[in-house]
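One chain is shown next in structure tokens, namely the form predicted on its own.
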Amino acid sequence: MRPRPDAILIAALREPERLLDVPLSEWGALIRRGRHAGLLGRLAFLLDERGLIGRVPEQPRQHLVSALTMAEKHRRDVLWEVRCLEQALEPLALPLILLKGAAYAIADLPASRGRTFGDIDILVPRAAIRDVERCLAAAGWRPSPVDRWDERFYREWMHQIPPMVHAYRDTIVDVHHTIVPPTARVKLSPSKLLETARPVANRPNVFTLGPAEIIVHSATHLFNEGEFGRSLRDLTDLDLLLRHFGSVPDFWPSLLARTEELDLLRPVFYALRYTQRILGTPVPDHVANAAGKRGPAGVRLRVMDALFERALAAEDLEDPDRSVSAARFMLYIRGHYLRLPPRLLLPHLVRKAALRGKA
């Protein structure tokens, strides 16, 4: 297989010290790739943490320092929005369960450091959706405008409602009632997730999922949904989470047990495989072997390797790679296939293609 076009970025994520040997002529492409992948702040944090950022040449150092400043602002903004959500949902006496980036930030996990954030994802019981919407609306969040098809698509077939956007701050909240759509081939009981939620220290009404469930959700989001805009950033999240949680002795047995119980071992297999292959994540052999028994094999595995390892690349928009675009398109179709039955899949994809053609 030809070398990955983002090899310098991958090497820097694994060993930040190697950035000190990068010629000034190569920094431009590295900065572009890092920024587009949402990883420039993370690179800057890794260098700053090791006391190395001052040894980077001045021009790229300015970009890195700016990215780190922006990441710190994002983190403060997320923590502020979480407090606003706490206040908004207080009348319901429901735990505020955070997912993904907001959960990493509130729990001060390594995956939050140097990271930028987009939406804030929360998990609530499906029966409470209307009450949650009402409370969020009273606090200034409004449903994003969607047409009749998308409204039905979200409400009946997806694992979340249409995103809610704050009228003044433009912050976006994604309200989930589970982590896989009800129409997906995997059938997951949301109660199995809700029962594992644990409070954040000194924040008794703010919760995250348990360590195994955080990994399962992150893996499912990356490998089953077909969205790869910042896939390398999401893969590095998984790498950092696995390194952090993996230092606890009972984590790995718990992860295997929970993935079996939730029937989501396939995306976790991919998460373990590609964090190991791309980022060198330390995964015990017995864990990788156990997960591998539920993964594809032979030609099918080689095909998935070719697709995922291209789709997980950090692109340089000034030098696009058609193989990356092709792999992401095929995995986009796969993601919809995993989430939708044929009676919904075809009309949805036709509609998406028609809308894209009009854009």
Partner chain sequence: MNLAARAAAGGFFLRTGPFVFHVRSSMPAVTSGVALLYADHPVTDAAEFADFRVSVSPASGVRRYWRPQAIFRCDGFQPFKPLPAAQALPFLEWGMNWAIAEHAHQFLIIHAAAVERDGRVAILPGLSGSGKSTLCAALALRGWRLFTDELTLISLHDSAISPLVRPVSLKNESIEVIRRFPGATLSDPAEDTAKGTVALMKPPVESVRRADERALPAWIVFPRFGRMETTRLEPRSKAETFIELANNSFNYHVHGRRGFELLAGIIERCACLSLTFNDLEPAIALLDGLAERSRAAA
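Keep in mind it's a predicted model, so treat the numbers as computed, not measured. Numbering follows the first chain given and starts at 1.
Same protein, other form: the form predicted together with the partner chain, not shown, and the subject of what follows.
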property: Complete contact of L13, Q276 and A306 with the partner chain in the predicted bound form (any heavy atom, 4.5 Å); result: no
property: 4.5 Å heavy atom contact, I333 to the partner chain in the predicted bound form; result: no
property: Partner proximity in the predicted bound form: S323 to the partner chain, non-hydrogen atom cutoff 4.5 Å; result: no
property: G295 within 4.5 Å of the partner chain in the predicted bound form, heavy atoms; result: no
property: 4.5 angstroms heavy atom contact with the partner chain in the predicted bound form for P60; result: yes
property: Stretch from 44-52, 297-305, 323-331, 24-32 whose residues place a heavy atom within 4.5 Å of the partner chain in the predicted bound form; result: 24-32
property: Of H286, R134, K192, K73, the one that lies within 4.5 Å of the partner chain in the predicted bound form (heavy atoms); result: K73
property: Those residues of 314-329 which, in the predicted bound form, come within 4.5 Å of the partner chain by heavy atom; result: L317, E318
